[in-house]
Ligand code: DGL
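Shown below, as structure tokens, is a lone chain in the form predicted on its own; questions about how it binds or moves come after it.
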Amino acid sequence: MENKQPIGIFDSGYGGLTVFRSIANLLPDYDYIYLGDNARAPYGNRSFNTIHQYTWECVQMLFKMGCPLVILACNTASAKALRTIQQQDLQKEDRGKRVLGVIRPTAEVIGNYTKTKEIGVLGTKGTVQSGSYLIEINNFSPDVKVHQQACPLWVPLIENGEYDKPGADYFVASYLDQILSQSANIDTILLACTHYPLLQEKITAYLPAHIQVVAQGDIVAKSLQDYLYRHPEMEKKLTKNAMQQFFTTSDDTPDFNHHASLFFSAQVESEFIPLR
């Protein structure tokens, strides 16, 4: 790894693979390392301090593996850890290292999707409680009204392989009914968790036809492409051998490979990386 400088992609578990898939499709030439902190997932209900600690530990792992740029492909980590990492932790690191999240690039463009100027945001409890989307969307689209709904059972449902089963329908309908009850004018639903695209087919089928569902993968990929164009000093560092490596903090790599392949839509072979 000493001669390679890949883009690091981090998630608490599998969800970030939906973002990684979009990034790799748009920017296939770069080298990538994906790290899932499956041993400590899910992050959604943990405290700010714990999420920051776990996220920063994993970011440092990716730095040690040669990544000068790390994407937090996790809304909870982006909401609860990114600011502290950018404003405090990185000041003690090599000045050339960068950590980016998924909330800001999404917030920059989501206002363009709605005609009624009302959107619904579906996320984990941690993402919703942080208020990050309310703040960021207001910064870029102050005329857009944001309604939020936490969906705490969706991630466990997805990670246990039940997302495409009939039993998932009840939990999809339950949270969608709650978000739609907040306003009849919602015309756009943002999936503010990278796990949720696996439920997108059920979500779309349940919603009225005039409501569009927006996942983050392509948005984040295009934002990264633009970032690299605007920061040639970073782009020149990154190596381009079309390498993809997958690591997990869980010692059950066969289980990770099975689930990860579903999220990534391609066969995944991972390596175990211990937390200590």
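Predicted model, so just to flag it, every value in this text is computed and none were measured. Just count from 1 along the sequence shown to find any residue number.
We do not show the form predicted in complex with D-glutamic acid, though everything after this point is about it.
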Response to the item:
Contact with D-glutamic acid in the predicted bound form, heavy atom within 4.5 Å, among I119, A81, C193, I71 goes to C193
Fill in: Of I85, L198, V155, A107, the one that lies within 4.5 Å of D-glutamic acid in the predicted bound form (heavy atoms)
V155
Worksheet item: Pick from 248-256, 6-14, 21-29, 264-272: which stretch has non-hydrogen atoms within 4.5 Å of D-glutamic acid in the predicted bound form?
Response: 6-14
Worksheet item: Can you check whether Y54 is within 4.5 Å of D-glutamic acid in the predicted bound form, heavy atom basis?
Response: no
Practice prompt. Decide whether P42 counts as a contact residue for D-glutamic acid in the predicted bound form under a heavy atom distance cut-off of 4.5 Å.
Written response: yes
Worksheet item: Are there residues in 123-152 with a heavy atom within 4.5 Å of D-glutamic acid in the predicted bound form, and which are they, in order?
Response: T124, T127
